[in-house]
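Shown below, as structure tokens, is a lone chain in the form predicted on its own; questions about how it binds or moves come after it.
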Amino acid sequence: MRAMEAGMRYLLLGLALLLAAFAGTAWAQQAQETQAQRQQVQPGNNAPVWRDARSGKEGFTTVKGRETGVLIQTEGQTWRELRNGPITRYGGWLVVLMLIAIGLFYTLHGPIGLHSPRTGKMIERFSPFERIAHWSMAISFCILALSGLTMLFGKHVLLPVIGYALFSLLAEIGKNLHNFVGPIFLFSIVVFVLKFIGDNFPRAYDLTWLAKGGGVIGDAVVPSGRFNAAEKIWFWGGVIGLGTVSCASGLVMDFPNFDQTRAQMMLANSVHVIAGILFIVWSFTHIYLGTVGTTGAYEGMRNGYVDETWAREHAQYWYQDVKAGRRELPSGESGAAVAASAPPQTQH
């Protein structure tokens, strides 16, 4: 009896599978006939086919991997509209407005100068290794910024001016530079942070510096350490914060062979673009203050030395520690052994 019951169950299961196969075949034939009739009445109308393709259902493919069976991901259009819409529009205006604001500030206020005459005696502010670390990060950042802005805004700004052929070449070069310089930038950030983190921890006097606007408000000398509060904020929020987000999201796109989904790649792209724009816009203030915005600041990073007057006014606590021998010069020499002669290009 049990054998008979088992046989009946297998027989019923086989009949059910057979009926399902016949039903599926009939449904497929009916779908083909319906589509054929649609083509006669409405040539080119493949709405059912594309509706099924855009449904996100997994199909069959010989290529193995995540989402390889999905022909169309509808979220891609949403990402495209977001990137080419609000991100590009508001990001572009943010870049332009920041440049205008810096230009107006320089026109109305001028550079931050020295309150006392230069002494002609120079003090080492940055060692050769520190300058290499800074310029490696700065140069790679500029390459990434220019290539990134070209890829994001190039078709709106450059394409109408230089045409398709030249813009295509420029965009291709920029894309390859962006992909290969990115890891170099990441490495330079790590070296830079390890080298300068000790002088960038917040101190109580940083609050006073911020309250007085670094001397811009009231035009007074405000003491600070080796780096002022604004430089420390840039170090933690810009270099470490936005730098980490930009590099991490960039690596996700640089190495798609780690089997990321398209949704993850689109999210990484959006995060990368937003962080990159904020990073670039913020860097404008740092570049401005480090060059034409502050008298003598560029000399320190270019040659490694600044006039004692500059050190006394812009890094007073650090300068006092060096003069008193409480800390060494960046090159490792005794702090009391302050250099008394400037490199030829910095003499005044």
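Since this is a predicted model, take the numbers as computed values, not measurements. For every residue, the number given is its place in the sequence shown, counted from 1.
Separately, the form predicted together with protoporphyrin IX containing FE exists; it is not shown, and the next lines address it.
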Given that the partner is absent here, state which listed stretch (257 to 265, 146 to 154, 232 to 240, 167 to 175) has heavy atoms within 4.5 Å of protoporphyrin IX containing FE in the predicted complex.
232 to 240
Within 4.5 Å of protoporphyrin IX containing FE in the predicted complex - does that hold for a heavy atom of every one of L114, T208 and Y319?
no
Just to confirm, H286 within 4.5 Å of protoporphyrin IX containing FE in the predicted complex by heavy atoms?
yes
With the partner left out here, check for me: in the predicted complex, does some heavy atom of R118 sit within 4.5 Å of protoporphyrin IX containing FE?
no
Check G293 for me: does it contact protoporphyrin IX containing FE in the predicted complex (non-hydrogen atoms, 4.5 angstroms)?
no
Would you check, heavy atoms only and a 4.5 Å threshold, whether M137 touches protoporphyrin IX containing FE in the predicted complex?
yes
Scan V181, L159, C142, C247 and let me know which has any heavy atom within 4.5 Å of protoporphyrin IX containing FE in the predicted complex.
C142
Protoporphyrin IX containing FE in the predicted complex - contacting residues of 291 to 316, heavy atom within 4.5 Å
T291, A297, Y298, M301, W310
